[in-house]
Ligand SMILES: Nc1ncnc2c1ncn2[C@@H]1O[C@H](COP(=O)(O)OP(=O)(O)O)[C@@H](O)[C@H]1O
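Quick heads-up: it's one chain on its own, the form predicted on its own, in structure tokens.
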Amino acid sequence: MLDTNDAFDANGAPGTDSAPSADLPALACESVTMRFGGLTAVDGFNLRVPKGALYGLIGPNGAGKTTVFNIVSGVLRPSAGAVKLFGVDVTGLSPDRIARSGIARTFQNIRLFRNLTVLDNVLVGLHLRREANLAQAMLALPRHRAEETQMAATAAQLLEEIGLAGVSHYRASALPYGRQRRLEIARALATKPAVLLLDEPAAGMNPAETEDLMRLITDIRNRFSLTILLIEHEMKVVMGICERMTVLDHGDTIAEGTPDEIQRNDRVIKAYLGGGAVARA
């Protein structure tokens, strides 16, 4: 199992000697606002995701969910507000520094290196935390060679744990859709995150793949001691595995609570779920 205790890095947030307080949320958004010209995509968004939680972020198309993910992962700098990882302000850091700080993400549209092997895709994630420098790599010095050997072993172990060991030599593009999703998650896990953002991981999956995904997400949360924030339109997934969730609508937070509370919330039913969707969840 990969160790996530060293998720913070001096290049992005506190070093490994920092011990986050148990009272601090793993991830917090404080009055986060995002404006694009005259359009406010997210307005005063607040979120507190406890350490170890499996937390959902839902809402209709255009609600601002992916904008929140883009802010948290460093793709966008918010117009106002702050993003904090275990109490440390990471607002506006570049995506690579956000990743080094301990936040990894996947995307609604799978973004793999399709012509690389399954193993090489995971190695890309592991390179984020390599210590050998360019000169050592170019000269193939012992430190570089030892690190390459260790990374290959770690990648193989990760693929074993996520159920992809038997296809490590396949091109990523040759995998069935559900396994490509698994591979994208494996690559994110290779960065050793403390917080994992999953953007609609069930999109395009059939019912059997969706069931497998639900088990996988719960398993990796427990196995890797992760905090997971999940965007998902498939109500079976989000209501089935998330302990709490926040609902966005047109950039505004309209509800927060447990799955049962969300399904009974009149504002949520009116804005997003609808009676039929609640019945199916």
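Numbers for residues come from their place in the sequence shown, where the first is 1. Every value quoted in this text rests on a predicted model; they were computed, and no experiment measured them.
There is also a form predicted in complex with this ligand; it is not shown, and the following applies to it.
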property	result
Heavy atom within 4.5 Å of this ligand in the model of the complex - residue from Gly44, Pro50, Gly240, Pro60	Pro60
Answer range among 252-260, 60-68, 24-32, 208-216 for contact with this ligand, defined in the model of the complex as heavy atoms within 4.5 Å	60-68
Any non-hydrogen atom of Gln157 within 4.5 angstroms of this ligand in the model of the complex	no
is_contact(Thr117, this ligand) in the model of the complex, heavy atom dist at most 4.5 Å	no
Contact flag, Gln108 vs this ligand in the model of the complex, heavy atom cut 4.5 Å	yes
Within 33-52, the residues that have a heavy atom no more than 4.5 Å from this ligand in the model of the complex	Phe36, Leu39, Ala41
